[in-house]
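As a starting point, one isolated chain is supplied in structure tokens, in the form predicted alone.
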């Protein structure tokens, strides 16, 4: 499964995957950061479709067309706001990734690109979020062979390096032991 996970530094709006994931707010009507960039690139049709969805609770996911993006679909998920870690944030973040992956499979997507959910304006420490992100995706890939590629798109070099180091460590921990 690890060979189906890829890490890149870049802009999620330019990814050529079947779907991209939007770190959205509850309204799904656009905002700052990744959310604003996706809405701006996708065009006004995206917000029109999002208006029909009635929002999205934290930890859940909704899917729309990609419109002017390279991706056919946008999967909108609402991550938890960091409140110190004692309010179930880890479980809610895990649900974001798992519910997004469920939609990827349900809509027959072979590839998906994820940002680092909740680590921007929602304040989730990236060192806490990255293992949840990678672990959740790896778990789903272990039971869903039809998804060929999950790409984590990290905007900053610092975030990319943190994800890369953690990814390599997790991969080694699950590698079969040689005799």
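Positions refer to the first chain, counted from 1. Quick caveat, the model's predicted, so the values are computed rather than measured.
Just so you know, the form predicted together with adenosine-5'-diphosphate (ADP) exists too; it's not on screen, but the next bit is about it.
Given that adenosine-5'-diphosphate (ADP) is not shown alongside this chain, does residue 122 nevertheless sit within 4.5 Å of it in the predicted bound form, heavy atom to heavy atom? Yes, contact at 4.5 Å.
Would you please decide whether residue 32 lies within 4.5 angstroms of adenosine-5'-diphosphate (ADP) in the predicted bound form, comparing each non-hydrogen atom pair? Yes, residue 32 lies within 4.5 Å of adenosine-5'-diphosphate (ADP) in the predicted bound form.
May I ask you to state whether residue 160 is within 4.5 Å of adenosine-5'-diphosphate (ADP) in the predicted bound form, using heavy atom distances? Taking the distances in the predicted bound form, the answer for residue 160 is no, it never comes within 4.5 Å of adenosine-5'-diphosphate (ADP).
With heavy atoms only and a cut-off of 4.5 Å, decide whether residue 69 touches adenosine-5'-diphosphate (ADP) in the predicted bound form. Flag for residue 69 set to no.
Which of 59-67, 46-54, 150-158, 136-144 sits within 4.5 Å of adenosine-5'-diphosphate (ADP) in the predicted bound form, heavy atom basis: Among the candidates, contact is made by 150-158.
Proximity to adenosine-5'-diphosphate (ADP) in the predicted bound form, single hit among 117, 28, 112, 130 (heavy atom within 4.5 Å): None of the other options qualify; the answer is 117.
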